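Just one chain follows, in the form predicted alone, and it is written as structure tokens.
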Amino acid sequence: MKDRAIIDVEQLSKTYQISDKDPGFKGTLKHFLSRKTFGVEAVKNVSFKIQPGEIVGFLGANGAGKTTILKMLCGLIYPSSGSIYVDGFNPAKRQNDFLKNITLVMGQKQQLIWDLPPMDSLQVNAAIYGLSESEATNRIKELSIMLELGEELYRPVRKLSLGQRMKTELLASLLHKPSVLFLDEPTLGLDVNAQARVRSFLSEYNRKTGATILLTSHYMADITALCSRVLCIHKGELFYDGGLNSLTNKLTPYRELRIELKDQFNPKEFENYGIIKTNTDRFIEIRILRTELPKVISRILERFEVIDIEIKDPPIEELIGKLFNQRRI
């Protein structure tokens, strides 16, 4: 029997009331005397469940409603309708026990005090969450080792690189050992190496603690490295909830074959095998139906002297872009 869902969202909706104002002084005066508003649906009847220990990717274009949903899950904004339960709590009530069980990390926001070393902010956080001095010391030591932080904890935040700041932000957010992590673009603006280190840390943290993670990111490498399941949202509506591999198979019936041959070749010789993407010198890339793949590879190996062969799916960015384009039609 499956564990009880740690995140349970049913028919969640959020409508914002926006002022309908004409431009100019006349419009401002009219708006002051007789204000008119209209509703904008940011989230529409979204339902999903997440089991304890899952890492789930939340995908969607800017303005799709991802951050609005995360804020409702944390209790920062109230839903217009529907229900939310996170670890058995209603987030809107903002109970202390609920707040001790969650954390929200936003890549474009910071909680550390700019002119002070991270260690000072960490001690403040420890006091807020009621950690003893020994608990805080042990927790900071454990997380700093996992995040590869050392002297950075004793330098003013403004002196740290973006990657170092992001790691210290993660440490501060996880100091109270939350069971549910809401991560909104945690690798935003980081270089490739820093992104990889953050992904590695999150994977290890999930493995060691069993924490549940809901992650939004525009970097598909974050999603493919961490998430086996994804939620896709467009204009406030959830239209896909399932495995990342299943999504890939659904979006494209093809796989890509990159072949290195011993000798130069005539590209026309490969036209019967699939769709030729590129060919240079002794290399060729062709797109082949998944169902035809074993047969095609066998025929190529029989006919040509092959040095190397690589099989891969089309780039995930291409597939996700295609998915959202189709959704807009």
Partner chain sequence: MSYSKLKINVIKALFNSQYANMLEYRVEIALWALSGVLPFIMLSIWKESGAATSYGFDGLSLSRYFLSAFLVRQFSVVWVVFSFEEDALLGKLSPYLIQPLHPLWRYLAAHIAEQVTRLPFALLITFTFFLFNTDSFWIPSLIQFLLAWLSTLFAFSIAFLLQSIIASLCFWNEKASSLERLLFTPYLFLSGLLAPISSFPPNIQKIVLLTPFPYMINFPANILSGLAENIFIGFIIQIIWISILFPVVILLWKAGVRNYTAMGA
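Positions refer to the first chain, counted from 1. Here the rigid core means the biggest group of C-alpha atoms that line up within 1.5 Å when the two forms are laid on top of each other. Worth saying up front: this structure is predicted, and the values here are computed from it rather than measured.
Another form, the form predicted together with its partner chain, is not on view; read the next lines as being about it.
Only one segment in the set 208 to 216, 111 to 119, 138 to 146, 230 to 238 has residues whose heavy atoms sit within 4.5 Å of its partner chain in the model of the complex; it is 111 to 119.
Although the partner is absent from this view, residue 154 stays clear of its partner chain in the model of the complex, with no non-hydrogen atom inside 4.5 angstroms. Interface membership of residue 259, defined by any non-hydrogen atom within 4.5 Å of its partner chain in the model of the complex, is ruled out. Proximity of residue 74 to its partner chain in the model of the complex: non-hydrogen atoms within 4.5 Å are present. In the model of the complex, its partner chain sits beyond 4.5 Å of every heavy atom of residue 194.
Checking 252, 203, 179, 123 against its partner chain in the model of the complex, a heavy atom within 4.5 Å turns up for just one residue: 123. 104 is the sole member of 104, 170, 160, 244 with a non-hydrogen atom within 4.5 Å of its partner chain in the model of the complex. Using a 4.5 Å heavy atom cutoff, 16, 78 and 94 all lie near its partner chain in the model of the complex. Taking a 4.5 Å heavy atom cutoff to its partner chain in the model of the complex, the contacting residues in 117 to 133 are 120, 123, 124, 125, 127, 128, 129, 130, 131, 132. Once both forms are fitted on their rigid core, the CA atom of residue 49 lies less than 2 Å apart between this form and the one not shown. After superposing the rigid core, the C-alpha of residue 31 moves by 2 Å or more between this form and the one not shown.
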